[in-house]
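Have a look below at one chain only, the form predicted alone, in structure tokens format.
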């Protein structure tokens, strides 16, 4: 669908409506979606809270209830599940730490237990499995390194070997896949660039080649896609832009066109942002749309750190000397 020149009510970010949408979603605990998303709710809570923080409405959420729920989701092995009834996984362990970082509550956890869990998932080739069942994916390397960075325990894992594994997943087009030899994808590119940034190993990628591949993800609608010949989707406003920002090439895409695309995907009646114009809004795309706008310096939004995927303000409190620069 072409983006019209006149966006009507969507010409501006509907901040109050998006905050109300997220709060309403969080409080709707009896509908189908609530039960269907239980297994990855930790990440959903992270998306919603970070979006609320970026638009200045974090105080609308019940901090005590959320922090208590996060702590209940930690298991004896030190990892966190998608919810209290689900097994530990690196994805949800990272989301749990990011939530606690937002609320400045990382001191409430046993750091050594979490670090032991994360370090125990590293494989001899430097990769990380997501949980005890052994699935390998470059996403998990990023999750592991970021967990260690948030807890300021980078020495607990072999970052050099982890970076070498990431480098082995680099393709001829400059992009990265989930494992060696797998197709380049914008989501994997974000995690690989983020992991290399955390490991101080960005020299292992071809900056210009990769950034050309990323800026070619912009379609005539202004939106970004995940792979060549695929449809644009609001979530890639984060996956692509975060990597371009880390690499200092954010100006290689048309930010005005992307901003218009994201705004056109807003629901001007109920709030929230969808994957494509006129689709149903959800918290996932609401967060990634707002995060993409934040990276581009949209007025009124807190700035988000492209590596830590948290507000810059939060990262600077945790790591005053290590916050990644925001490129424009």
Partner chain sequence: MHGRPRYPRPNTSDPQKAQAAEQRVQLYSRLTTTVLKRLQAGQYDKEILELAARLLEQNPERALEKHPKSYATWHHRRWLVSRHVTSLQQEVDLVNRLLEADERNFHGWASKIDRNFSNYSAWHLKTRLLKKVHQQSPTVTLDELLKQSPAAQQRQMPLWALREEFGLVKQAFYTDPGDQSPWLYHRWLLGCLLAHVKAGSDTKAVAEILEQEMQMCKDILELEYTAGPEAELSSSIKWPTLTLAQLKDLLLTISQPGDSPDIAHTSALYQRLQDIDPLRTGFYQDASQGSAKILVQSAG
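Please read all numbers here as calculations on a predicted model, not as lab measurements. Numbering follows the first chain given and starts at 1.
Missing here is the form predicted together with the partner chain; even so, the following discussion is about that form.
J.: From the list 265, 293, 51, 42, which entry has a heavy atom within 4.5 Å of the partner chain in the model of the complex?
T.: Filtering the options by heavy-atom distance leaves 265.
J.: Going by heavy atom distances of 4.5 angstroms or less, which of 218, 159, 127, 88 would be at the interface with the partner chain in the model of the complex?
T.: Filtering the options by heavy-atom distance leaves 218.
J.: Considering the partner chain in the model of the complex, find the one stretch among 144-152, 96-104, 239-247, 208-216 with heavy atoms no farther than 4.5 Å from it.
T.: Partner-contacting stretch among the options: 208-216.
J.: Is it the case that residue 276, even though its partner is missing from this view, gets within 4.5 Å of the partner chain in the model of the complex, heavy atoms only?
T.: Contact check for residue 276: yes, within 4.5 Å of the partner chain in the model of the complex.
J.: May I ask you to state whether residue 10 is within 4.5 Å of the partner chain in the model of the complex, using heavy atom distances?
T.: Yes.
J.: Any of the heavy atoms of residue 202 lying within 4.5 Å of the partner chain in the model of the complex?
T.: No, no contact at 4.5 Å.
J.: Check residue 112 for me: does it contact the partner chain in the model of the complex (non-hydrogen atoms, 4.5 angstroms)?
T.: Although the partner chain is absent here, residue 112 would stay clear of it in the model of the complex, with no heavy atoms inside 4.5 Å.
J.: Can you tell me which bits of 136-165 touch the partner chain in the model of the complex, meaning any heavy atom within 4.5 Å?
T.: 137, 139, 164, in sequence order.
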